[in-house]
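In the block that follows, a single chain appears as structure tokens, in the form predicted alone.
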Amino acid sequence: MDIILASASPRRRELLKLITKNFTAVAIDADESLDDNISAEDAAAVLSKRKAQAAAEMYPDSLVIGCDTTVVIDGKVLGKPHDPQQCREFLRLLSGRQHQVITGYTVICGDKCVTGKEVTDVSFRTLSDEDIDWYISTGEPFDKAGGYGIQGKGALLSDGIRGDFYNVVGLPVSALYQVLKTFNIQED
């Protein structure tokens, strides 16, 4: 059976290889707007399902995996920063505090659809303006939810993680593997 990863993220592609090497990654253009009645904690699962459904329409005979990662603090979703100023605001908000990284995942094959989410707590050390300016200058934060990448230089901002590290990178490998086993997909 063909497996489609509905994501252009190089990080997700690398992480999915921990489960299976036999998949195709495709960029999916899905509506990422959220209704006001969707909680920040549920946003990633809702968006993962939209991405998976869009891909399933294009690849109806395949097993499709959709994912979306959000960073949540004080009930607010921090998306990908649009510019250095917004990135600075995000990092100041995260500085010295704990936040949640939530990755929603949806697996669709035929009539079967499973949606779930993984939550990981991440703590940041107190960041100086110099720390923030340096990190922004690396260019790393602009394509990442919350404005940081824990798998890169963003690791220097954190002082603790409770939960699945891979979830913070963008794919909850263990949880997704358990779901894929229910679709009879085994590691290779």
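All residue numbers are counted from 1 along the displayed sequence. Here the structure is a predicted model, which is why all the values come from computation and not from measurement.
Note that the form predicted together with another copy of the chain isn't included here; everything after this is about it.
Participant: Can you say which of 57-65, 24-32, 42-50, 129-137 gets within 4.5 Å of another copy of the chain in the predicted complex, counting heavy atoms only?
Facilitator: Every other range fails; the passing one is 129-137.
Participant: Honest question, do S158, D164 and S174 all end up within 4.5 Å of another copy of the chain in the predicted complex by heavy atom distance?
Facilitator: Every residue of the candidate spot has a heavy atom within 4.5 Å of another copy of the chain in the predicted complex.
Participant: Using 4.5 Å between non-hydrogen atoms, is A145 touching another copy of the chain in the predicted complex?
Facilitator: Judged by the heavy-atom cut-off of 4.5 Å, A145 is well away from another copy of the chain in the predicted complex.
Participant: Are any of the heavy atoms in K17 no more than 4.5 Å from a heavy atom of another copy of the chain in the predicted complex?
Facilitator: Yes, K17 is a contact residue.
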